[in-house]
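In the form predicted alone, a lone chain appears below as structure tokens.
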Amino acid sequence: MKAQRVEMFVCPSATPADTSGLQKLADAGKIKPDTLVALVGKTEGTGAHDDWGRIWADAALREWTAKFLDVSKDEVAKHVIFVLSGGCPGVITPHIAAITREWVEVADRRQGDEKRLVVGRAGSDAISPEEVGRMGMIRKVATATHEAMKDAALSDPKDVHLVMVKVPGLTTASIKDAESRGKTVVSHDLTFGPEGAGVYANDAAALGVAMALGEVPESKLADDVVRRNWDLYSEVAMTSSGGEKRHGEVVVFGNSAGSASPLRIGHSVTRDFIDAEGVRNALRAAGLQFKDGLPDEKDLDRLVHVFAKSVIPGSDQVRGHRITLLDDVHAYEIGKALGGMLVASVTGRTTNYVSGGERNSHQGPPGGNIVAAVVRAES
């Protein structure tokens, strides 16, 4: 029988256009044109809607990938999903994670064998400017999430531990386009502030994942619950948006008994900004067996990658004590930096995917953040 085998390779980036790490993987035969399914990473820059670092990285990666696959740049999206999150404040190292998938012949797995990593991908239908942050986007992301689950051969939402989504944001041009057709948009604020178009896009995408996985019933969803009803959320959605996108791109990660991968994924949720135990719980959920304190170096040798959100809480208190982050003009960058430091303090490495910085989100419960870890299973 054939089974899916997934690998993940993390390449630090010297500049937004640095594709040398990917080229080394290609030269070594670790990634091949018929096995590369996704490139997920952090790019240096502001992380805002006008983040040219992210756009530069996207263009460079698409050019490299087109040559690698021997297809036109316009065809790349049909073969490889790109999820790039801008902004690396503090101790977040810019990097790209290359994810590969192939089908290999295996003997029948025995009942009780450990579930291993599988990955699925899908693109949504085009998302118009008037749909950004609204039910149109929610439904299209939900449909794409279902398609990505099918692509991963996952049927049980409980086996899904991470869904990464990149969706269109709004720009001056796309707003003008919508209004020229007599349509309205969710916001004219192009920032990632509390009422910015960027956070509406991110949160609608998260609710699309929640709808697909049954975390939130469709009957509870409407345009006016986005960024209003914080009781509605996903515990596995990590989303971001950019004006360079025209449709949503979804990558689903889960574990399956039919997988032949050497990797496993697990996730957890932190209770607040200083909850290192929540990060450790994600490592445990993925299969690291340390009990108390920090994982030791032997444990961390098996750690492949960590994905985390770092959303600023709506409250000005953490565990009963006042903080001034909500009043800080640089809160967006500080929020990401805090998440990067929290994860690095546990993992002992800085090549962690940490996105966020927005205030409140449907990505995780109020005050908490999602953390997912990929580890190499013990042989």
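Here the structure is a predicted model, which means the values were calculated and not measured. For the two forms, the rigid core is made up of the largest set of C-alpha atoms that agree within 1.5 Å on superposition. Position 1 is the first residue in the sequence shown; the rest follow in order.
Note that the form predicted together with another copy of the chain isn't included here; everything after this is about it.
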Any of the heavy atoms of residue 277 lying within 4.5 Å of another copy of the chain in the predicted complex? yes
Interface membership of residue 20, another copy of the chain in the predicted complex, 4.5 Å heavy atom rule: no
Residue 89: heavy atom within 4.5 Å of another copy of the chain in the predicted complex? yes
Please check if residue 12 has a heavy atom lying within 4.5 Å of any heavy atom of another copy of the chain in the predicted complex. yes
Just one of 26, 344, 66, 36 has a heavy atom within 4.5 Å of another copy of the chain in the predicted complex. Which one? 344
Partner absent here, but in the predicted complex, which of 202-210, 247-255, 292-300, 143-151 has residues with a heavy atom within 4.5 Å of another copy of the chain? 292-300
In the predicted complex, do 155, 259 and 307 all reach within 4.5 Å of another copy of the chain through at least one heavy atom apiece? no
Interface residues of 215-234 toward another copy of the chain, as seen in the predicted complex [heavy atoms, 4.5 Å]: 228
Did residue 179 shift 2 Å or more between this form and the one not shown, C-alpha, core superposed: yes
Rigid core superposed: residue 292 CA moves 2 Å or more between this form and the one not shown: yes
